[in-house]
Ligand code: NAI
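A single chain comes next, written as structure tokens; it is the form predicted alone.
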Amino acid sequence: MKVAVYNLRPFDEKEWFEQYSKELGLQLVTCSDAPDLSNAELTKGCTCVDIITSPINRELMEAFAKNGVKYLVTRTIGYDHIDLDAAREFGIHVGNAPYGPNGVADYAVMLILMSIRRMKRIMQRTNMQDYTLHGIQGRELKDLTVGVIGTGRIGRTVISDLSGFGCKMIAYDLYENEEVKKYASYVSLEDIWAQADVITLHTPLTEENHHLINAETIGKMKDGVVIVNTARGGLIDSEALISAIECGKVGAAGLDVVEKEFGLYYYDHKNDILDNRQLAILRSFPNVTVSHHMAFYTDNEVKTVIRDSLTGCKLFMEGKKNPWEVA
């Protein structure tokens, strides 16, 4: 039972891969780089491939299939970086490895608080020994309405966490959840745009909701609205967001994800000129906090996704029911 593991981080993942592969009786072929056509030969003889958020396009899927790969698993909840049509075409099954909701939910709440309390600017001033107050007056959550888009496990946890702050909460999801109704009222997206002082995104990225936050929807929002995104960068039209921040329509943003982040995050680019003008502009604003797609990154997440991704591989190779198979 052989699995090719890409994007393996030696400082936090290696020990868990070694432990769980031994427990599950799996042989690993490991690579610290993202998969591409130049290193696809590593998958020869492997039934399964284990990746993170690296894009898997049709050409790479075909190369995997030619090497005998039958199952591809991503150590993430989302799998929008995988060409599912190509996977079906070449007979490769796809799985994910959902981690617990608390890490991302904690991070989303932190970004909300940092945004309404102008924490980025406060920290910048403190570092420069500027202890003045002008321009850093914040708001209190109890006075605000928070709109939560997406009430899956993470969205529900955010709502539960925020219930202790005394804020009014409204929510939108295609499928309503009774647990959510204890703390929040389900409304339409139009109501979210019109009523929310803070909007936080917790929905998967699909063709239907790509650029859900755009010039038109931002125009329907309250002046000074705060936007938080710990889901997927493609949910927000970056150019529209930049324009809205520049004119003051959007009062602050907390972004753990951005458009065009593939191939950028999780690598050291401090000496590089990046081909992402939108990211540079967003990072320059004093009222925008940007982090590098790491809301998920906790002790519990690291071991959980490795354990479950490898367990999914073993179940697939044994022909048993795999709860993590998505396509």
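Residues carry their position along the shown sequence, with the first being 1. Computed from a predicted structure; not experimentally measured.
This protein has a second form, the form predicted in complex with this ligand, left out of what is shown; the following refers to that one.
From the list 112-120, 86-94, 208-216, 136-144, the contact stretch for this ligand in the predicted complex under a 4.5 Å heavy atom rule is 208-216. By the criterion of a heavy atom within 4.5 Å, Ile77 is counted among the residues contacting this ligand in the predicted complex. Contact annotation for Tyr172: at least one heavy atom lies within 4.5 Å of this ligand in the predicted complex.
The closest heavy atom approach of Thr151 to this ligand in the predicted complex falls within 4.5 Å. Contact check for Thr230: a heavy atom falls within 4.5 Å of this ligand in the predicted complex. Of the residues given (Ser160, Thr203, Gln195, Asn102), Thr203 alone sits with a heavy atom within 4.5 Å of this ligand in the predicted complex. Contact with this ligand in the predicted complex, defined as a heavy atom within 4.5 Å, holds for exactly one of Val258, Ala295, Ile51, Val69, namely Ala295.
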